[in-house]
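Before any questions on binding or motion, here is one chain by itself as structure tokens, the form predicted on its own.
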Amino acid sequence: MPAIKVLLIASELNPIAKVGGLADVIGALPKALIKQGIDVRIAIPKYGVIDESKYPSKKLVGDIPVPFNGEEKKISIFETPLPNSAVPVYLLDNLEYLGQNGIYFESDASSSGSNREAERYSFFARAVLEIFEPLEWYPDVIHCHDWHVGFVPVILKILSKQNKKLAHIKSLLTIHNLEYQGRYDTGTIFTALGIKEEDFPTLSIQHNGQINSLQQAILTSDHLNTVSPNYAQEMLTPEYGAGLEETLQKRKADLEGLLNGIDVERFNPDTDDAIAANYSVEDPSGKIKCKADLQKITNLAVDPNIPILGIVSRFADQKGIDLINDIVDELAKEDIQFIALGTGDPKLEAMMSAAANKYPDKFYAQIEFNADMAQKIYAGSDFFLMPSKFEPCGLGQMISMRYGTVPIVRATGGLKDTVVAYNDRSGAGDGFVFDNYEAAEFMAAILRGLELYKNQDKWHTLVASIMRKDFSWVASAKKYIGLYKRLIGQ
């Protein structure tokens, strides 16, 4: 039987064009799929910010016509390999719509942003469907990720009526975060894509003159999934559904939760060249050196006995930064060090900076995205904080456990699926968990963790246990392959 052909399409890809966790998934899942015999390829825009010296590409074909905004636009297809793999990456090149500025025009990856953003991603969605004939390769499944490519399933269904070569292609939508939906002026989108309301039934579903890209994908994809089993249940409720819970209820039978993994080759304390010393569960001594290195970098007292609480996060309301702000004074009374790395909402950035200024001997805040510093925090901290209001999957808690850093998390989404609350009597569990989004509960979870830290025998047993957990993509990739097979009737 020939290999299943799958095209992953997304706005980001680690390490070629990364902003957030979406890029990590697109950069890791295909590596696991290809090892299991899937003919998997990736398509993203050829952004101007892609570093050609690091990721050189070759031009495969040019002057491919794409109907858009009532005109015939042209794209070229460039190819580069996904680093450390044989997965081909197709870079779709068009300076007017895809090549200018960064990855996003909007600072928050745009839940409802500018018309420039609308045109960029609707153009990309339309252009993707023109690359198969020039490549002489038609996928069995187009695997769409998040709202940026949300119009692909509906355009595919419209075009399939005229083009029989497209009729067999199935669409899968993976929802990484419901908060980001791509709500744009209906007239702008319809004009750009050259479609009308009567072209497909779902196109009549609009709100206040806007059409919702993610909603269209939910309604028209052949199958849906999200990135953890618990989030798949949460998103059906008003609390977590971000206004799309009723839409999701209509597709409940076609929705499932498949837990993300992490790239265990990249996130490996035994080989990571960004940290001060390598270590493993068999020989964890290097973690002490990593802790001392982190303390030196942050100008905090170099003391192996002081527990470090680390956080690497996008500074957004979702991430629970306000809860941290609420307990800064209480935390400062404890014998701890707190290190934060991240960027995002200026208000939340200011909160973290203010804490560091108020308690410079205990708090440190670095307001930027810095991949090497993130690794140093994962490796050098004792605890890793994720007090999220909601968290579809979360990768930080899995990465931290890989590095022997104990997570303190709220029981929501993928955090609930991956972190089992520690039981002091039995010694079972992975970290410290609180249920309600309240500062007092968060602080209580931290205090439970600090209490265990005092018992170094129990502590080292817990650290060794979490380092042995398997968060690789292997198991998840097998589930995706099963889903692909069901979609194409194998």
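These numbers come from a predicted model, not from an experiment. Heads up: residue numbers just count along the shown sequence, starting at 1.
One more form of this protein exists, namely the form predicted together with a small molecule; it is left out here, but the text below deals with it.
Remark: V25 counts among the residues lining the small molecule in the predicted complex, judged by a heavy atom distance of 4.5 Å or less. In the predicted complex, the small molecule sits within 4.5 Å of a heavy atom of N177.
When the small molecule is considered in the predicted complex, N260 lines it closely, a heavy atom lying within 4.5 Å. The closest non-hydrogen atom of R314 lies within 4.5 Å of the small molecule in the predicted complex. Think of it this way: in the predicted complex, the small molecule has a heavy atom of just one of R183, R126, K319, K362 within 4.5 Å, and the residue is K319. Listed residues G310, P392, G150, P387 were compared with the small molecule in the predicted complex; P392 is the one with a heavy atom within 4.5 Å.
Contact with the small molecule in the predicted complex, judged as any non-hydrogen atom within 4.5 angstroms, is confined among 169 to 177, 183 to 191, 295 to 303, 95 to 103 to 169 to 177.
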